[in-house]
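Heads up, the chain below is alone and in the form predicted alone; it's given as structure tokens.
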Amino acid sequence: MFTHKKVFIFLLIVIGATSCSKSFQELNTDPNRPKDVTPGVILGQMQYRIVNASVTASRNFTNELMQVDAPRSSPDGQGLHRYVVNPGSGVWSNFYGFINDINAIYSIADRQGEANYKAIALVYKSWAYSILTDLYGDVPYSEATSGTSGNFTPAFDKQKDIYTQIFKDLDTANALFNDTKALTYGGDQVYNANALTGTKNTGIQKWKKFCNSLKLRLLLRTLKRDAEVNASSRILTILADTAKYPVFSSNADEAIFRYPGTTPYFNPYYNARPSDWNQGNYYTKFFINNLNAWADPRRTVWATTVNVGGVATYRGIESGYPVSTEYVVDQNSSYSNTLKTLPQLGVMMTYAEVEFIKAELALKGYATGKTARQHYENGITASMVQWGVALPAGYLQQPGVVYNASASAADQLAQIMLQKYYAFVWVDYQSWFEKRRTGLPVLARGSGIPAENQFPWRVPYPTYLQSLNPAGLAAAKASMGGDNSNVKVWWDQ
């Protein structure tokens, strides 16, 4: 009797403990946390973080170098506006971290048979690597994310080989996209390809357009190396078969992460203090004076005004000024506070850019379906739409804007590239890459730029690579012909 009683009590304790343990696990399980890692879980966060990095790069690097803005004072003789480029001042660390996420999306999607996720990952990989290699030249690619297998000193691949693989990956992505399927695990915050509209996935259709538009950008950039990568014939293939290789055809297609303005998805300048946002840098005379001459409505979105004789005026400062110059706070135009909450700041590629690409191609004799002038005007109009302003009556016919089809090819290209420069505002490093490719637009050299400082052609490698990957860095330097901002990358030689 006593023994049976002890056994009974023991069983109650075991059952109770098991029940408590089970209840504890149930109570401490987050129902909102995914049990398995899916491509959708990684995708949305990666999209937000990678575009934040590119937007920040545009503001902190490209805008100063390309005379969009200049610092209020610069007494140390340094600064991008004086063509001083610090090693590693691009997106090296950030982008390589994101590429790990991109590769994870691809690998998981491959195991699960999710073709659309694989295609999106390949587009992101191509976009990210194109920026990295255009910034630095030769960079780790084939061994870049092999740390999990013990390789912490990856070799640097030649830019030509990276571009060759990018073109292959974009072709693969183009073939993988399936617009009859929704993204099984959601996560897409760019095109919302998470569900079907009727029987079609319009988001996937736009991803496919981004894929081919990006390829067109990079093919144009490598035309000087046509014999090595068949850039010209590949451009012709895209232009000749828009059903198979669609590109952006309206503003609705453009690749923009539109910040929803809800936690945590604010643009990176949402909480910026005035001293950091618009009191330390001002728009330059080059940037503002053209907009003033054209009475350009994009000024109202981009810039603040200052009071000059009782008139609200857009006014800029010199770029590359002498070290003794210091501009007074709030006496020149700077960044509008509107930009801090503007949804469309997260730009990767726009419809305006595609139209300017086609304008240049039409000028070079490619059959684009329209004249260079028509594409040029479409590009200007698309940029206005992108920034939420109306094209003023007569804007395209005014001096300085009206397209001169009877001018020399060089002068027509200069017109196209000047308007493309304005359409590139907030688009990572693209205006600098295109300046390197074409020499346009022509920017005045500031009087405070030392004679020995040359306009930079690349960003030197991060200095920490000297200790982390000395062999790979040494090989890259030898391949590139040096490691300074005067060395040109492969497509620019």
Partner chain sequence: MNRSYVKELAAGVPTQVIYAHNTNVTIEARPGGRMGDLYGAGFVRSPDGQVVYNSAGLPILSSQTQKWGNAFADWKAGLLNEFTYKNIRASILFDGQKGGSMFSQTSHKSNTLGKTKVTLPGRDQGIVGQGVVLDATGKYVPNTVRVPAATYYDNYYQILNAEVNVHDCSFIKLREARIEYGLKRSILEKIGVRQTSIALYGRDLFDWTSFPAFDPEGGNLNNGTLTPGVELTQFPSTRSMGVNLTLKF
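Since this is a predicted model, take the numbers as computed values, not measurements. Numbering follows the first chain given and starts at 1.
What comes next is about the form predicted together with the partner chain, which does not appear here.
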task: Taking 4.5 Å between heavy atoms as the contact cutoff, choose which of Thr463, Asn60, Ser447, Gln454 touches the partner chain in the predicted bound form.
output: Thr463
- request: Sort through Gly113, Pro260, Gly400, Pro75 and report the residue having a heavy atom within 4.5 Å of the partner chain in the predicted bound form.
  value: Pro75
task: Could you tell me which of 238 to 246, 296 to 304, 193 to 201, 149 to 157 sits within 4.5 Å of the partner chain in the predicted bound form, going by non-hydrogen atoms?
output: 149 to 157
- request: Look up in the predicted bound form whether Leu468 has a non-hydrogen atom within 4.5 angstroms of the partner chain, and give yes or no.
  value: yes
message: I'd like to know if Thr164 sits close to the partner chain in the predicted bound form, meaning any non-hydrogen atom pair within 4.5 angstroms.
response: no
task: Would you check, heavy atoms only and a 4.5 Å threshold, whether Thr145 touches the partner chain in the predicted bound form?
output: no
message: Although the partner isn't part of this model, could you tell me whether Asn378 comes within 4.5 Å of the partner chain in the predicted bound form, counting any heavy atom of the residue?
response: no
statement: When the partner chain is considered in the predicted bound form, the residues of 416 to 439 having a heavy atom within 4.5 Å of it are none
